[in-house]
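We begin with a single chain expressed as structure tokens, specifically the form predicted alone.
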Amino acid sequence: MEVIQYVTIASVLIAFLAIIVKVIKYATAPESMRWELYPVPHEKGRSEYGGSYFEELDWWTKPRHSDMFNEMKEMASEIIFLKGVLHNNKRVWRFSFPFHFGLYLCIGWLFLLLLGGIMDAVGVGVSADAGVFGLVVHYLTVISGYAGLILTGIGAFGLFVWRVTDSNQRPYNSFAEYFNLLFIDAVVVLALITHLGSDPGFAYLRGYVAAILSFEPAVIPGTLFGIEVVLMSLLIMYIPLSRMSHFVAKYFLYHAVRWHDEPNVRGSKIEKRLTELLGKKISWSAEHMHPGKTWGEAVQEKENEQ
């Protein structure tokens, strides 16, 4: 195989491992401070008006009924359509939505390229002249590829301009925010120039994936194609290693923090985890907090003062 193919393989493996590490990190994190902001979508029959199981007399003794479908629907509206951004900052949503939706399409495009590469590797054609399945994969790849790249590019450029021009936002920006958006735009523009010029149906790119899967040297049709593949591989690796990997935290943000309303009753797992946390030493100091003591001792001290 060519050196460029090893770059792609290494980038994908590093990205995959980085995502796994972050998932484990979030899943094993200490108990979060619960927001208990209502309505909680999984409150069956109560989320519509912002109610909760606390309305019930002796609520801790009664079974709770969850509506997981409603919760998943609410998560989908936030993850896909950025409902919270739309309601709180429409100016940002105009660019944040196409940026994120474009990235979703690009992820689908990459999976379709992988599927097409597997089909090519086993001898199943993928083109406008192939059988029904190959034809469908071909057109889905083309549509998702160009739509994803264009939307991502427009969104990234708009967010970059917003960060540069908004005086309220500018103090919170760091070099990483500017670099991330410009890096993504550079890859998008290069990919569009490369494929519109010499590979409009992504046949070479699909062949590149097939070559990796079959451990054979890939056909690199030109310098631009080679640069695009390298930059795209590095971007795939970079995203999980950067703050752009907040997508990994979405599930945990909703289920372990925002909507986590499981009651802390005697003998529960929550009580056990909180008890363990109360036994940890305080490692920082302030007027109201002194290092060296455990959190349990600090809490008891404050209760005694009252």
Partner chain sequence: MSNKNIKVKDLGKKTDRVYNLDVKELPKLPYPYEDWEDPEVPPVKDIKAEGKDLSLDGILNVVVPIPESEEKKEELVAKFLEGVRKLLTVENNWTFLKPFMLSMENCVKCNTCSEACPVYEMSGGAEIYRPLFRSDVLRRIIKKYISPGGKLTAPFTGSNIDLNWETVARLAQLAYRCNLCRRCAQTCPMGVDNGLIAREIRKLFSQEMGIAPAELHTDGTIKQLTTGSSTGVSPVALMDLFEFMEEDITDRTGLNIKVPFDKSGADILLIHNAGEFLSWPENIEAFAIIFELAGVSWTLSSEMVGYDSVNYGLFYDDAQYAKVTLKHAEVAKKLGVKKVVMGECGHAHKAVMAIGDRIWLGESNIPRESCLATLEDLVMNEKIMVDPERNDFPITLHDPCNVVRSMGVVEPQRRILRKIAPKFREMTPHGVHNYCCGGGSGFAIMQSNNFPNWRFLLPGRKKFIQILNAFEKEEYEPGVNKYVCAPCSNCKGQIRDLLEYYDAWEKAGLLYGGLVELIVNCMTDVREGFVEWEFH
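In this text, rigid core is short for the largest set of C-alphas that superpose within 1.5 Å between two forms. Every value quoted in this text rests on a predicted model; they were computed, and no experiment measured them. Positions refer to the first chain, counted from 1.
The same protein also has a form predicted together with its partner chain, omitted here; what follows describes it.
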**Prompt:** Since the chain is shown here on its own, which stretch among 131-139, 115-123, 172-180, 223-231 would lie within 4.5 Å of its partner chain in the model of the complex, judged by heavy atoms?
**Reply:** 172-180
**Item:** in the model of the complex, the one of Ser77, Ser214, Ser198, Asn89 near its partner chain [non-hydrogen atom within 4.5 angstroms]
**Value:** Asn89
**Message:** Can you work out whether Phe54 and its partner chain are in contact in the model of the complex, taking contact to mean some heavy atom pair no more than 4.5 Å apart?
**Reply:** yes
**Request:** Tell me, yes or no, whether Asn264 is in contact with its partner chain in the model of the complex, where a contact means a heavy atom of each within 4.5 Å.
**Result:** yes
**Request:** Report whether the minimum heavy atom distance between Ile282 and its partner chain in the model of the complex is within 4.5 Å.
**Result:** yes
**Non-hydrogen atom contact Arg64 with its partner chain in the model of the complex at 4.5 angstroms** = no
**Message:** At 4.5 Å by heavy atoms, is each residue in Val7, Phe16 and Phe95 next to its partner chain in the model of the complex?
**Reply:** no
**Asked** Looking at its partner chain in the model of the complex, which residues in 254-278 have at least one heavy atom within 4.5 Å of it?
**Response** Tyr254, Ala256, Val257, Arg258, His260, Glu262, Pro263, Asn264, Val265, Arg266, Ile270, Glu271, Leu274, Thr275, Leu277, Leu278
**Prompt:** So with the core overlaid, does the Cα of Leu13 end up 2 Å or more away between the shown form and the other one?
**Reply:** no
**Message:** Please state whether Ile270 has a C-alpha shift of 2 Å or more between the shown form and the other one, with the rigid core used for the fit.
**Reply:** yes
**Asked** Does superposing the core leave Ile24 with a CA shift of 2 Å or more between the shown form and the other one?
**Response** no
